[in-house]
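A single chain, nothing else alongside it, follows as structure tokens in the form predicted on its own.
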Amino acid sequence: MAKSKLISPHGSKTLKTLLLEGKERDSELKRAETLPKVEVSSRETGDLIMLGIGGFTPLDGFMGHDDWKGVCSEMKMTNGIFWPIPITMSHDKKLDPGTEITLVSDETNEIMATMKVTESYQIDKEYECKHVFTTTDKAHPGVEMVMAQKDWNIAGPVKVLSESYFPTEFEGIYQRPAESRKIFEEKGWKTIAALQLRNPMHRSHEFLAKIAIDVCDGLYIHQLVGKLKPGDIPADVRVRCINTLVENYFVKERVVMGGYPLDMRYGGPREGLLHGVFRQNFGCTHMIIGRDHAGVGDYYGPFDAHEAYHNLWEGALECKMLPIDWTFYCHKCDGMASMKTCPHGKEDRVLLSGTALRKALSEGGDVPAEFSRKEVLDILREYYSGLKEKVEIKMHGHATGDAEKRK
């Protein structure tokens, strides 16, 4: 068998997949029915699936105390491997080491995994939030997730038994790392840039995606199909928008689309680094990092994620950053441009952001033609016209352009 030309998984020569299949899964599922059941949240369910499919290689389960603390303070596990955000699960009581439990989704009541407990520990939630999110403000959705955790963290290896509804609800989009890697191999790609998306692609996304295609063999449009905060556009609508854009405006031989099952943490720079970690596991050599990557509100500077990548120690992460400056449509340039290429003033620019687009559509306002492709806007207008309840979309500095200058 020929040696793969793709990048190795993070911290490992091979993918570490914890998802059981076939007779092994059937046997473990029967055993799971006999074990004490513990509910896991939507975020924890997404993390479990990523552990199962190898997206979180080289982890073998939920983190213990020392790994949790090392990841929070130094972005490093006890074995020295780089990891930027704790992968943990919580429980309302302490469990003895050696206890075996079944993990059940608190939304669907489906058996997700079995777990052998190695450790139970309590954490300082404010410590985690201060290090990971740089804030303890409960208005931050990531902080809210951590503060909502139960009193004890339970650590231990897992055997994953389900990928939940993702393979069926997002058939053709949801992918395992082994699947994306196989596609890249078949295409003969060596350099692949990942585009992280939690919004429909507007013109700014399209611009930076095409920059990536120019410098790499191919582009992996990797959509989050897990949960978002209220007011964000749901995954099924987003998938339709992106499919339409790729169909009409991209060289399809240079693009692969995929979806992954995580909930958005809105962790800014730290989440940007996590995106690089699991994109490496999916086979990508580069991670596109643009303005306010994985941010929310005004908690992070527009290029804090760039700085986070620049400040990594040598060898921390093989998946390299593809940094893109602030992008926009410029009337004088008569096209898409960036701070590095456009000499004109703010009055000539149409600043593009997913927040601004959602706000305009939610309120029935006009959207400039330069902001998004007509085919995409048609889908989004149909979605918003059918909403019975609308969430107020709050604008922040990075969405309005008020924070466009680097600090």
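Everything quoted here is computed from the prediction, not taken from an experiment. Residue indices: 1-based, along the sequence shown.
A second form of this protein, the form predicted together with a further copy of the same chain, is not displayed here; the remarks below concern that form.
Comment: 323 to 331 is the region of 126 to 134, 323 to 331, 229 to 237, 141 to 149 lying near a further copy of the same chain in the predicted bound form, near meaning a non-hydrogen atom within 4.5 Å. For the candidate set Arg270, Arg203, Lys159, Arg265, a heavy atom within 4.5 Å of a further copy of the same chain in the predicted bound form is found for exactly one residue, namely Arg203. Comment: a further copy of the same chain is not present in this chain, but in the predicted bound form one of Ser73, Asn79, Asn248, Thr168 has a heavy atom within 4.5 Å of it, namely Asn248. Contact annotation: Lys93 falls outside 4.5 Å of a further copy of the same chain in the predicted bound form, judged by heavy atom distances. a further copy of the same chain is not shown here, but in the predicted bound form it comes within 4.5 Å of a heavy atom of Cys342. Taking non-hydrogen atoms only, Lys359 never approaches a further copy of the same chain to within 4.5 angstroms in the predicted bound form. Contact check for Phe207: a non-hydrogen atom falls within 4.5 Å of a further copy of the same chain in the predicted bound form.
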